[in-house]
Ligand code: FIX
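Take a look at this single chain, the form predicted on its own, given in structure tokens.
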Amino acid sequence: MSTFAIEKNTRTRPLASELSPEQIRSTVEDELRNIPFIDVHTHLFMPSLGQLGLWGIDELLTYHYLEAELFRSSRVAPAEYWTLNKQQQADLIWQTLFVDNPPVSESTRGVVAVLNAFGLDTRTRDLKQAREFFAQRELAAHIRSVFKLAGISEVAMTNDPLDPQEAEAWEAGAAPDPQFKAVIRLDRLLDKWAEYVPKILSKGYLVDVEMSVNALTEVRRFLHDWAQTMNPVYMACSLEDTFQYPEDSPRAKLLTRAVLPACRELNIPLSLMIGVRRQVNPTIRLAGDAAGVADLRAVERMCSAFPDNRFLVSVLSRENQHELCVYARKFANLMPFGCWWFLNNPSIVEEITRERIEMLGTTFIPQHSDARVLEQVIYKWRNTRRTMAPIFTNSYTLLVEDGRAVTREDICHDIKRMFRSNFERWIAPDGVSSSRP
């Protein structure tokens, strides 16, 4: 008899709380269904930020993923499409992608899932019923309903203090909402510094294009003031595949001497979302961005140079995923999160998540929705739970086969950790962020 067989046969009888391999799958599914997740990155907005928040059937259908599909499935040119109003655009997309063709892509199936979640007809040739349904919804109650259907308790927003419409809403005293956490977005500040110097000057901050010592101090004051206004849980920026650190650029100076010091002082992380190639096809607008392979030695150097800062990192290229895991094993101040944008497809999510579990255990954040339209969280989180169930089941089954019992408590602990606790501890390692008033 082999050694493996002897060891397996000499195991004691399982305790009552131990799960058999047959019980693991149903337990994983139960815990995934019952534990409310935190959505750590979205483009959603709390109600007090007014028209910035997108919701309803016409917004769902004119999401830029579906616009890109439209241009592949019809003869409508982008220039012609942009002359239509929102309702006409939605009607065209519905007819093309849902009536003339089966909606089998990830994004089109998502719309079907949302309509089905609300008991609406998914095979109708027109949108009359859906439009009437959403027109009757009161936003605050609708948000609660959507979050419940999605199985989430709260979301992190994307908030840009250099966006005129948003800044005006915050300055007017936008009421906070416990279900929506603010995030200071830095893209305009970092990538278009010279363009936004006049605007920052107009708000009373003595900055200059040349980035004098005083100007960088003023940028830190600008970030502190907006942190006082927004109460953010982290700061964030998206970066192109060509991003390097260090480099001789305004962005690098701002990161080194303003953003990272401000994050340390506020005790909040910096999120880096790396790998976008912007506007490879500008004719299709938001849908015109693409993905590229980045040099992640920039992440290595930042984590090494700033050990007292915490970094949330997501990369857009599939080819960068393994390298990110390797760096996460080397730097305890690096937290990989999510399968971003073009990676948010079940086949790729499965590959990335298995790789992360194998290399990092449960010390990462598996997913975020990146939702731009409120109701998208319903199908995005449904897809996540459906995709994660066999991945986690396989991990626990292998663990049992190798000789370690698994309990429901183990599974609950791990799912809470990955979808709640890792983020909660990362944004407030001492239990409370100093950005809070």
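Start at 1 with the first residue shown and count on from there. This is a predicted model, so every value here is computed, not measured.
Beyond what is shown, the protein has a form predicted in complex with the named molecule; the following relates to that form.
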Is F311 part of the interface with the named molecule in the predicted complex - any heavy atom within 4.5 Å? no
Looking at the partner-bound form in the predicted complex, is W340 within 4.5 Å of the named molecule by any heavy atom? yes
Is there a heavy atom of R382 no more than 4.5 Å from a heavy atom of the named molecule in the predicted complex? no
Within 4.5 Å, heavy atoms only: does Q321 come near the named molecule in the predicted complex? no
Any chance T62, D91 and R131 all have a heavy atom within 4.5 Å of the named molecule in the predicted complex? no
Contact residue in the predicted complex, chosen from K181, R251, R185, R356 - any heavy atom within 4.5 Å of the named molecule: R185
Of I200, M273, V259, C303, the only residue with a heavy atom within 4.5 Å of the named molecule in the predicted complex is M273
Pick from 35-43, 383-391, 52-60, 401-409: which stretch has a heavy atom within 4.5 Å of the named molecule in the predicted complex? 35-43
Under the 4.5 Å heavy atom criterion, name the residues of 222-242 that approach the named molecule in the predicted complex, in sequence order. S238
